[in-house]
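A single chain, nothing else alongside it, follows as structure tokens in the form predicted alone.
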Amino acid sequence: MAEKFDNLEEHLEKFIENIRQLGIIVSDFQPSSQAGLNQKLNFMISGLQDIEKCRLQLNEINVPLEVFEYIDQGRNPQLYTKECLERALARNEQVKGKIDTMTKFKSLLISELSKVFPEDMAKYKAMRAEDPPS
């Protein structure tokens, strides 16, 4: 997969350089430079065709829209990944805390119910021992 991205990057760099050279020719256009202009325009067309071929190879890639918002804001798109990981880690900590709290609550509830309803809780514990935890 990496070579597909490398290939696209190479074609984009060539295309950008060709556009830069085209801009130089156009900004200082002389009738004698018409042949060079035509050549650069043909290179630009073939460059767009090459980029289109690369795009077809990368068709299955999905990029979250938030990444483009980061780019539009002038932020580094890698910050999006970092912030997503940080949010996932924070959410994981919250869920872990809730699980720990519920586990403690369950054991405390069973302990207190065992004091109040010892026969019923003995039956419950016997049933739970027969049923494997899901």
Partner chain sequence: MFSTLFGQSDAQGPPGSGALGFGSGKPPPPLPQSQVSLSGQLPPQIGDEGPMLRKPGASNEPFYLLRDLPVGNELTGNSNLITHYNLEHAYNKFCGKKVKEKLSNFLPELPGMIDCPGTQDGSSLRSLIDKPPVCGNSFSPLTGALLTGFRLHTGPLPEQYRLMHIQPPKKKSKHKHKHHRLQDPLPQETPSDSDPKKKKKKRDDDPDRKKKKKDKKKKKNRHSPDHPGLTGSQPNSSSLR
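Note that the structure is a prediction, hence the values are computed from the model and not measured. Positions refer to the first chain, counted from 1. Rigid core: the largest C-alpha set superposing within 1.5 Å between the two forms.
Although it is not shown, the form predicted together with the partner chain is what the next lines describe.
- Remark: K104 does not count among the residues lining the partner chain in the model of the complex, judged by a heavy atom distance of 4.5 Å or less.
- Contact annotation for K123: at least one heavy atom lies within 4.5 Å of the partner chain in the model of the complex.
- For the chain shown alone, I45 is a contact residue for the partner chain in the model of the complex, at least one non-hydrogen atom being within 4.5 angstroms.
- At a distance threshold of 4.5 angstroms between non-hydrogen atoms, N62 is out of contact with the partner chain in the model of the complex.
- Along 77-100, residues P77, Q78, L79, T81, K82, L85, E86, L89, N92, V95, K96, I99, D100 each place a heavy atom within 4.5 Å of the partner chain in the model of the complex.
- Taking 2 Å as the criterion, L12 does not count as shifted between the shown form and the other one: its C-alpha moves by less than this amount when the rigid core is aligned.
- Relative to the superposed core, I24 undergoes a C-alpha shift of no less than 2 Å between the shown form and the other one.
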